[in-house]
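Given next, in structure tokens, is a single chain: the form predicted on its own.
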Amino acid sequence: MFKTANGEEIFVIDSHIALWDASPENQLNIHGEQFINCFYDYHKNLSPAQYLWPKEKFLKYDAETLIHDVFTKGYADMAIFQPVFLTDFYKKPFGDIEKNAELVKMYPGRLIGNGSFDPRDGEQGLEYLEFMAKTYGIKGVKLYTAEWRGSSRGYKLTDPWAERYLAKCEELGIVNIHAHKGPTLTPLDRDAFDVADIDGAASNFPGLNFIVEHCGLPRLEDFCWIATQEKNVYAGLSVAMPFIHTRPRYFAQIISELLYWVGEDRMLFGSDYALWEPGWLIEKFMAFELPEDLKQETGTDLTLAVKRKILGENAARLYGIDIAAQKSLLSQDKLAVSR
């Protein structure tokens, strides 16, 4: 919970966190090392100096560290795991759904564990999707369309098999589709993260919500034009958020464009932990104001009401969370007591 200077409470849902293992022991090949090195470059270049992690810690951190960073000092009331498997690069999944599920169980009401799928897994993957829905009760999936699988270097959400998986999601009540679109990572291909296929997928599946993680950056304009016409497309702000520190003017341009095109009801805060800790992102975001020239040009403003929506209310709506009831539920749990 973030409290403003005059005591107003802001309910925070970090919609994009991960618990990963990129240790040398878990790297399957050179690509596992390349991938986490690229992650670490993002971390180094966009974080304040006091929040830089040593490389060894960044490779593999424990659950206690995550809980402390996200909830104890990170202001989050709730957080959503967005797992990525990367099984062509790592021996065990980079993001492990089972480990996430253990934490969800340990901290009831605090964490939401999403699943993932890869349409190239065919019928077997469909069965696993159903298993995740029944076993873990997942309400969302994280998709990595540039992930390698054998000789394949990615897929599109409009591929026939991808559409079968999206139809299965709808059938199972998995309504929130978080798709990484935009920033590339070594050695994955930039074009396989292109935001263009969101257009067709969102049109074909109006009953699903497509949360475009990283809002398509650097293809922000493409994303905005798609999201304007597809009302079930949302902007996930992870990766955009840390620019508030290194490039505040660029951040302001991103936010003002999103407010202008997509609107305040379809933007979701995400830290992308452990790339960045949510605490300093939220502090800077709450203190941030759009420059006057951008406000006048786009006719938008980042008011307290807008910040409330971005930090928690919009994600709560997508995941069916009653904030008042949730605040009451969480007020007496072990994390609330320990704060």
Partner chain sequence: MQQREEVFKKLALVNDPELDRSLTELEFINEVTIQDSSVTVSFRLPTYWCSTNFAFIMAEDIRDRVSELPWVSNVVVRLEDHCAAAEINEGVSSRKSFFETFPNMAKGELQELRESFRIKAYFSRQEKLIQYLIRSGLEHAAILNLTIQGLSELPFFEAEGTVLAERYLAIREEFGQGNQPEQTAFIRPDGSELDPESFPDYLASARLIRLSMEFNGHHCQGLFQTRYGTEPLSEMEACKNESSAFV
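Numbering follows the first chain given and starts at 1. Given the structure is predicted, the values throughout are model-derived calculations rather than measurements.
There is another form of the same protein, the form predicted together with its partner chain; it is not shown, and what comes next is about it.
Participant: Looking at 304-312, 290-298, 266-274, 56-64, which stretch has residues with any non-hydrogen atom within 4.5 Å of its partner chain in the model of the complex?
Facilitator: Only one stretch qualifies here: 290-298.
Participant: Should the three residues A18, F85 and Y136 be counted as contacting its partner chain in the model of the complex, with contact defined as a heavy atom within 4.5 Å for each?
Facilitator: The answer is no: none of the three residues contacts the partner (heavy atom, 4.5 Å cut-off).
Participant: Quick check on E283: any heavy atom within 4.5 Å of its partner chain in the model of the complex?
Facilitator: Contact check for E283: no, nothing within 4.5 Å of its partner chain in the model of the complex.
Participant: State yes or no: in the model of the complex, is some non-hydrogen atom of A196 no more than 4.5 angstroms from a non-hydrogen atom of its partner chain?
Facilitator: The answer is no: A196 has no heavy atom within 4.5 Å of its partner chain.
Participant: Are any of the heavy atoms in L28 no more than 4.5 Å from a heavy atom of its partner chain in the model of the complex?
Facilitator: L28: no, not in contact with its partner chain in the model of the complex.
Participant: Can you check whether Y75 is within 4.5 Å of its partner chain in the model of the complex, heavy atom basis?
Facilitator: So Y75 does not count as contacting its partner chain.
Participant: Answer with one of E171, E130, E102, E221: the residue that has a non-hydrogen atom within 4.5 Å of its partner chain in the model of the complex.
Facilitator: The residue from E171, E130, E102, E221 that makes the contact is E221.
Participant: With its partner chain left out of view, which of F117, F89, F210, F71 would have a heavy atom within 4.5 Å of it in the model of the complex?
Facilitator: Among F117, F89, F210, F71, a heavy atom within 4.5 Å of its partner chain in the model of the complex occurs only for F89.
Participant: Pick out the residues of 228-267 whose heavy atoms come within 4.5 Å of its partner chain in the model of the complex.
Facilitator: Residues within 4.5 Å: F243, R247, Y250, Q253, I254, E257, Y260, W261.
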